[in-house]
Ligand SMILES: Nc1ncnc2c1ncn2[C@@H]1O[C@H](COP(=O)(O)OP(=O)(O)OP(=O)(O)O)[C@@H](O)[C@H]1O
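Here we start with a single chain on its own, the form predicted alone, put down as structure tokens.
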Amino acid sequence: MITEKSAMVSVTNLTKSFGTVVAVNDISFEVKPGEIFGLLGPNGAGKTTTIKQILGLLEQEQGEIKVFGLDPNKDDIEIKRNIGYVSEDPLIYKSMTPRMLFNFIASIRGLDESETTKKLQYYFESLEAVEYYDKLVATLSRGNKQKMQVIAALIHDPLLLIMDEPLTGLDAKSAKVVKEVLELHKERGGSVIFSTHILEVAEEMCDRIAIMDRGKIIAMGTIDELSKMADKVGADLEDIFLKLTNQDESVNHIVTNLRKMMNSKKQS
């Protein structure tokens, strides 16, 4: 039974290795009710591995995870009942049509048929996907498969949304709709874990951000808090990120060399 807790998700000293590679290295964070919490970092930083452990898709090695105050290893069914998940790569039944897929989801989740039909109509119209309702998922473009994933994550009104690069492949209008849906979810007291490597999206969407690099959380806080940590008050997230990940000097060096090269070409 889910009870009221101060944190939707609590991660404490989480570690996960694959052979000699430490993918997640002793990280801790909390996700509050009514918060969009960002996991920001380059590909390979450990974001997806962290998410899969929260979902119970990967076995924990060390540390503790609580979701709604419950243990994913013991209460996985109750937890998954209240989570909507969008994976980095679409994990949907390609041999089905969206109609078949959502009938299946509604059945296994025990959703009200009339209410579900209304929600599906709203989401399909909002994401301009009505014409794909009876087409095989396997024939859909990357962006339209992503739309199906997003709808599947939202259809049961979960308490927690876990979104791993959810805007990948979406056109500008659909991406805007998804962003607005996440804001509405937050306003209703729901929480979102939003994993991305796109700095502009994280800056726009997230209330707090954990910056991951090589399996570690190297900084965490609001944009203002992160800017102070980086000694770059008022800077955008790109400059803050580069400073905190010790890449700013390297980028400056590269830009300087590029300028020299371009200037020498002009002179010749």
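Just count from 1 along the sequence shown to find any residue number. None of these values were measured; they are calculated from a predicted model.
Below: the form predicted together with this ligand, not depicted.
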* Structure fact -> With a 4.5 Å heavy atom cut-off to this ligand in the model of the complex, the contacting stretch among 223 to 231, 39 to 47, 201 to 209, 26 to 34 is 39 to 47
* Would you kindly say which of K186, K145, K179, H197 lies with a heavy atom within 4.5 Å of this ligand in the model of the complex? => H197
* Any non-hydrogen atom of E88 within 4.5 angstroms of this ligand in the model of the complex -> yes
* To do: Examine E165 and determine whether its closest non-hydrogen atom to this ligand in the model of the complex is within 4.5 angstroms.
  => yes
* Would V21 count as a contact of this ligand in the model of the complex, using a 4.5 angstroms cut-off between non-hydrogen atoms? -> yes
